[in-house]
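Next comes just one chain, in structure tokens: the form predicted on its own.
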Amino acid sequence: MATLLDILTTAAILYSVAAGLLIVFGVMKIINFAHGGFLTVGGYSALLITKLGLNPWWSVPCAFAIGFVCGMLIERLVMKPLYSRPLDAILATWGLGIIIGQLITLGVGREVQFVQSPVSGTIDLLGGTYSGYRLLLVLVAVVIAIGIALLLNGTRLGLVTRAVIMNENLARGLGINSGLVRFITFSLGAGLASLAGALITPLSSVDPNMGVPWLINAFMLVMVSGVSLVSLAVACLVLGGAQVLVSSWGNPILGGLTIVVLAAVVLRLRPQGFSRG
């Protein structure tokens, strides 16, 4: 039972981490390699809340707000001039991720630090006990998925966003402001990344490079998911589950490589990944 819960909670964590990256990729057709930097920003937002002695729950809205504002500034100042040069835009996000990490190092140093968890202790479940916080993250992932689905399918913003995803040139011809859609999408993706960073820090630690391993796994999950939120959930469950099994029954170091290796195999055998088509 503990292994099954590990698989479920790991999939939920991976989904929360990768959702913002998937949204940006779906609309802007670029991989935001600054995603790891935004995760780190979220981790340090949670650390700030801990240092201030505030309720740890404040780290959730605080991290999202800081990430969203950072995304707004970066989209206007860096990304917008590069939309006509996709390769340069991708390289710019890579550089931004490095810059964010270096700025954090200059500001607070390289030492590893820890944040307070909003939920402590374990929960009795089916004859055993399990981390209450990890179980809570499953609910958080479900809320994020429902929130994104409602945004895309139940609002005008979602309608125009889906139009841009399917055919940006046609959307422009119909009078849709694709620039505004890109602005909101990048900012939302940054906010979700920062939110995920705040959520994962109570399970590990905070340091200037904490977002790098999460970025690599999120990148591979997005690659095998296309632009489908459902496919992303499947990928997180299958590949995240494999990671848990390899780490638990084999070698934790090999477990850390599982998602990358299996995603590469999936793309080799099935180029469209877990998406239909």
Partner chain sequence: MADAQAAAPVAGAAAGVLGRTRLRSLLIVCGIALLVIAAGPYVLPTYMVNGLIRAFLYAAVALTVDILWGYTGILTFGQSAFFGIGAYAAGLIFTHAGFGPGYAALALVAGIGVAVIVAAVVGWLAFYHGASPLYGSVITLVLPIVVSQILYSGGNFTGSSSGLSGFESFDIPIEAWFWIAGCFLVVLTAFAWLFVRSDAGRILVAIRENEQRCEYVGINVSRVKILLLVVCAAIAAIAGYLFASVQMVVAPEYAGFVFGTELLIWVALGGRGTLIGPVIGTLVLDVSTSYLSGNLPFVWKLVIGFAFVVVIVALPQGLMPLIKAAVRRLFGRKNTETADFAPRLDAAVEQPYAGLEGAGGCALAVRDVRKQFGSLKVLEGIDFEARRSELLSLVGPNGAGKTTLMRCIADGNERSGGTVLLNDHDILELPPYACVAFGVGRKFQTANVFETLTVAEALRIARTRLAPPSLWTREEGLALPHASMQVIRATGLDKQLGTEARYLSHGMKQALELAMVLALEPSVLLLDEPTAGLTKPERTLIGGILTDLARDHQLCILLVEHDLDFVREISSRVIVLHQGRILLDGTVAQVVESELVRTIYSGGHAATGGAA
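This one's a predicted model, so the numbers in the text were calculated from it and none came from an experiment. Positions refer to the first chain, counted from 1.
Keep in mind that the form predicted together with the partner chain is missing from the display, and what follows is about it.
Colleague: Counting any heavy atom within 4.5 Å as contact, can you tell me which stretch out of 128-136, 112-120, 80-88, 182-190 lines the partner chain in the predicted bound form?
Modeller: Going by heavy atoms within 4.5 Å, the stretch is 80-88.
Colleague: With the distance limit set at 4.5 angstroms and only heavy atoms considered, check whether Thr105, Ile216 and Asn251 all reach the partner chain in the predicted bound form.
Modeller: Affirmative, all three are within 4.5 Å.
Colleague: In the predicted bound form, does Ile200 have a heavy atom within 4.5 Å of the partner chain?
Modeller: So Ile200 does not count as contacting the partner chain.
Colleague: Would Ala92 count as touching the partner chain in the predicted bound form under a 4.5 Å heavy atom rule?
Modeller: Yes, Ala92 sits close enough to the partner chain in the predicted bound form that at least one of its heavy atoms falls within 4.5 Å.
Colleague: Should Leu73 be counted as a contact of the partner chain in the predicted bound form, where contact means heavy atoms within 4.5 Å?
Modeller: Heavy-atom contact with the partner chain at 4.5 Å: absent for Leu73.
Colleague: Can you tell me whether Ile98 touches the partner chain? I mean in the predicted bound form, with a 4.5 angstroms heavy atom cut-off.
Modeller: Contact with the partner chain, yes.
Colleague: Work out which of Leu237, Leu245, Val212, Val227 lies within 4.5 Å of the partner chain in the predicted bound form, going by heavy atoms.
Modeller: Selected option: Val212.
Colleague: Just to be sure I understand the contacts: of Leu54, Val69, Met223, Val60, which is the one whose heavy atoms reach within 4.5 angstroms of the partner chain in the predicted bound form?
Modeller: Flagged contact: Met223.
Colleague: For 256-272: residues with a non-hydrogen atom within 4.5 angstroms of the partner chain in the predicted bound form?
Modeller: Heavy-atom contacts within 4.5 Å come from Leu257, Val260, Val261, Ala264, Leu267, Arg268, Pro271.
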